[in-house]
Structure formats: C-alpha cells, structure tokens
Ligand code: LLP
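Take a look at this single chain, the form predicted alone, given in structure tokens.
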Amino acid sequence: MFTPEIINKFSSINTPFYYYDLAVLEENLSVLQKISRQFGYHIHYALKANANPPILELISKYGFGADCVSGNEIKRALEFNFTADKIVFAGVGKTDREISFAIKNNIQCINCESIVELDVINELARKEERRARVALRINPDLEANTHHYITTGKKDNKFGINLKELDDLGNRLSDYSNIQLIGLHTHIGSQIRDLEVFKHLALRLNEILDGFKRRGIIFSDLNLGGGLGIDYENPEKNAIPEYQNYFKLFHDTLKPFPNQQIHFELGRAIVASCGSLISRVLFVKKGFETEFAIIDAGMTELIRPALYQAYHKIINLTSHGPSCKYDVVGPVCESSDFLGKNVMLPETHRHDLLAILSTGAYAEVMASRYNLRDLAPAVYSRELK
C-alpha cells in the first residue's frame, strides 16, 4: 500500500488526509463476490461505514445492494447506481419523511424496528396508495462479545422488536393492509471477531422462524445483518476478512425454508482495510513518564479511539531505526484526543508522516469540525499514479 513513490507523493500533500487504496478495496470486493455467490447469499453494503462517491461507485459495479440508515443514505445509494430493488432501510428512529421517501422509491424493504413503527409505515403507505415491503427486525437478546457501544442485539438495547412482543405482533399482522411482510431481519452488533456468536444467532433464528411458521407465516427473505469484524492488530497480513468461515457457519447452522433468500449487511468488513489516515508529526514532547508524538490529526478525524477505546495500528512512513514508545495524540483540546497509547514506533521526529491504518470505515463519516477544525480531504490511489 505504501511504496516509496506513494510516500514521496504524500510529502507534498497538506495533512491530515484520508488515503484510500482502491486496489485493496477491489480485491476485497472480488473475494466477497466470489464467496457470497458460492453460497447464494445477497450482500448489501452498509453506507454508514463510508459513503464517499468513489467508494460507492466501485462497490455498486460489483452488483451489491445497499443498507441504509437514513433518507440521505437512500438518496446517495440511488445516485451511485444501487438499484432500488436492492436497497434496504433500517434505523430505530426513521422520520415520516424518510419512510415516505423509501416507499415512493419502491425500495426492496424497510427493516421495521417496533410495533409502533409498523403502525406508522402502514399509515404512510396508505396515504401513498401503496403497499410497503417490510421486514421485522427482531432483537434476539444475544451477547455479541464486542464493545457495549456497538452491541445492538441485547434486550436492553434500543434496536429491534423484543422476543416478548412476538405473540402480540403475530396477532396484529393481519391489521396492516398496506404492508407486505416479506422478511425477518436482525443485527446484533459490530466488529464481532468471535464467530461462535453468529452460530448462536443462527440457532436463535431457527427457533424464531419455527414460531412464525406455526402461525402460518413463512418469510421470503431473511436478513442476518452484518457485524463481521476485521483484524485491526495485523491489518497488512489480514486485509481480507474471514468471509469463507463466516458464510459457511451460517450455511451449516441456519435452517432456512425452501427458496428463502438470505441477505447480509456488511460495511466495515468491506471498506476498513482500504483506508488510512495520514498525519504529520507537529511536535515530539517529553512528558513526566510518557513521550508524546503530537500530530495534526485527532479525534475530529478519527473518533473511534476516544469513543470506543478502539485500537488502530500506527506506522511511521518516513523514519526508520530503533523503536521508542509514544502516546500518539492529536491537537484537539480534550484529554480523550488520542490515536494510540504506548505505540512502538521508530524514533519519531517533527514532520514525520504517520499512517493510522484500517480507517476506511467509521473515520471520515464520523468526522467533526470541533475546535472549528477543517474537515480533512480524501485522496485516492488513482490520483497519485
């Protein structure tokens, strides 16, 4: 990813900036397409991970669908050639305007998160004189073994219809004359590396599907969400996630009904490895017990370490030699503004270029202008040839 020629070109670009290696993304997409087709699975890219136009252009060319969580994400997906019949719309707090927009554009499915939301979708679809295609998002009450801020499938999370409501829901489904119930949906969290979690999900879904079948309800579509994690510790070695094991686990454990279509919503797994945040060292400062590498990128460009205590591998692109330990920190006026702590780097100097890896997902999309900082631009590999 970082050849001497590329690093030399970085030197003339104002930092910080996000760098996207589209060849890395294309390799990931090619592998994902091949393996998902082996199992007959449908993939929807989660735009919340990264919605940059060149990223979306490339992903849509592979024929994948889109997973959106806002009306603007639906608009962006349509603008970049994701067809409406492959767009799904999730989110616990959809506005009436967003729901109506989804219905008018005849998207594949609205993933409904509550019984009260079903009431609203039915009413808005009636006003449009349409039937809205809906999947019920079920909260399976499963531990995802990930950070508690990105866990979404426990009963105390705000997401999905809880299991205790299923009987009441089953009794009311016939009331929704403007809803076409096509599917069941679930998503239990993000950055899940323990594949055993997904086995538990498949087993729980088998029970739920059987429960609906007893009521005479068999869904045409089953959407298993996403959440497959990546290797932040060794991103260069493991740039491609464990797609084969991930899909095979569901193939071996899940018991779909005949002709039931299986969908996944992957985001981080697709785009994280293609992106890096490039930053310049402003100062190297000796603290009481800590040596600080103060750089010109911070929590405004990458909030994950401050928000989730997340780890990103950091490398020095321009200095080599014996290693020292640094806290790599940003310029923002918050003690939470760090990119990495106790980071082993070659002896680092003012003006060195650092690369914070695996930032293709949930970096640029979560950027802010706190402290009135400028938003960092994106630079793509094809621009540096």
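Since the model is a prediction, treat every value here as computed from it, not as a measurement. For every residue, the number given is its place in the sequence shown, counted from 1.
Here the subject shifts to the form predicted in complex with the named molecule, a form of this protein not shown in this document.
Student: Whether Gly227 contacts the named molecule in the predicted bound form should be assessed with a 4.5 Å heavy atom distance threshold; does it?
Tutor: It does: once the named molecule is placed as it appears in the predicted bound form, Gly227 has a heavy atom within 4.5 Å of it.
Student: Can Ala46 be called a contact residue for the named molecule in the predicted bound form at 4.5 Å between heavy atoms?
Tutor: Yes.
Student: Is Tyr308 close enough to the named molecule in the predicted bound form to count, meaning some heavy atom within 4.5 Å?
Tutor: It does: once the named molecule is placed as it appears in the predicted bound form, Tyr308 has a heavy atom within 4.5 Å of it.
Student: If you check in the predicted bound form, is Gly267 within 4.5 Å of the named molecule, heavy atoms only?
Tutor: Heavy-atom contact with the named molecule at 4.5 Å: present for Gly267.
Student: By the heavy atom within 4.5 Å rule, which residue out of Ala90, Ala77, Ile107, Ala297 makes contact with the named molecule in the predicted bound form?
Tutor: After the contact test, the surviving option is Ala90.
Student: Looking at Lys94, His263, Arg304, Lys86, which is the one with a non-hydrogen atom within 4.5 Å of the named molecule in the predicted bound form?
Tutor: Exactly one residue meets the criterion: Arg304.
Student: Quick one: which of 209 to 217, 77 to 85, 181 to 189, 161 to 169 gets within 4.5 Å of the named molecule in the predicted bound form, going by heavy atoms?
Tutor: Among the candidates, contact is made by 181 to 189.
Student: In sequence order, which positions of 339 to 372 have a non-hydrogen atom within 4.5 Å of the named molecule in the predicted bound form?
Tutor: Residues within 4.5 Å: Tyr362, Met366.
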